[in-house]
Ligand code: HEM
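Taking the form predicted alone, here's one chain by itself in structure tokens.
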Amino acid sequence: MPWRSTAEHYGNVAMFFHWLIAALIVVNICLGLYFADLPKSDPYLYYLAQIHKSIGLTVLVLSLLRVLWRLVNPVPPLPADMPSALKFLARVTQFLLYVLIVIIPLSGWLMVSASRHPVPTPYFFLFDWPNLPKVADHELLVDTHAFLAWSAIVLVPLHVAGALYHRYWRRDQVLAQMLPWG
């Protein structure tokens, strides 16, 4: 399998970014939903929050690299016989997911930085990740981060459903293009 994408198949680098970011997002959504309901007195809350933030920052860096990689690599086209409305829906969903994988972690970083008690994030407890300058009210950023996360919770299953639609309904190669063994 080539490193670079071609008109027929995504390359190893694009697949690596796709599947690693997807896995990290699923883990972070689960972590975020879990610790959001924990009482402030829970002894694991601090550690779970730091892991959530570290994963989010990792997603941010990987997503920026993924966007750069996509700008210099071709994207396999959707099937020519696919209805134009579905092509539009697929492209809009992909675009929104690209936006979300950058702005969700960025909004989280801004939110943490705008806290009344801003402390650096111990990135996987290896080193301190610095805060950004305060650009907005902390509560506004909390609401924004939550709204964006819920948007991803809606869009990710839609994206998966689209991939399964291509595999099992249309029986085309769209899903196979993103699978290492496709």
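One rule holds for the numbers: they count along the sequence shown, beginning at 1. Keep in mind that what you see is a predicted model, and the values were worked out from it rather than measured.
Quick note: we don't show the form predicted in complex with the ligand, though the next part is all about it.
- Taken together, the three residues His52, Pro105 and Met111 all come within 4.5 Å of the ligand in the predicted complex, as judged by their closest heavy atom.
- In the predicted complex, none of the heavy atoms of Tyr46 sits within 4.5 Å of a heavy atom of the ligand.
- At least one heavy atom of Val142 is located within 4.5 Å of the ligand in the predicted complex.
- Mapping the unseen interface onto this chain, Trp150 counts among the residues with a heavy atom inside 4.5 Å of the ligand in the predicted complex.
- With a 4.5 Å cutoff on heavy atoms, Ile29 counts as touching the ligand in the predicted complex.
- The contact with the ligand in the predicted complex, taken as any heavy atom within 4.5 Å, belongs to Ala146 out of Ala136, Leu132, Leu65, Ala146.
- Although the ligand is not shown here, in the predicted complex the stretch 16 to 49 places heavy atoms of Ile25, Asn28, Ile29, Gly32, Leu33, Phe35, Ala36 within 4.5 Å of it, in sequence order.
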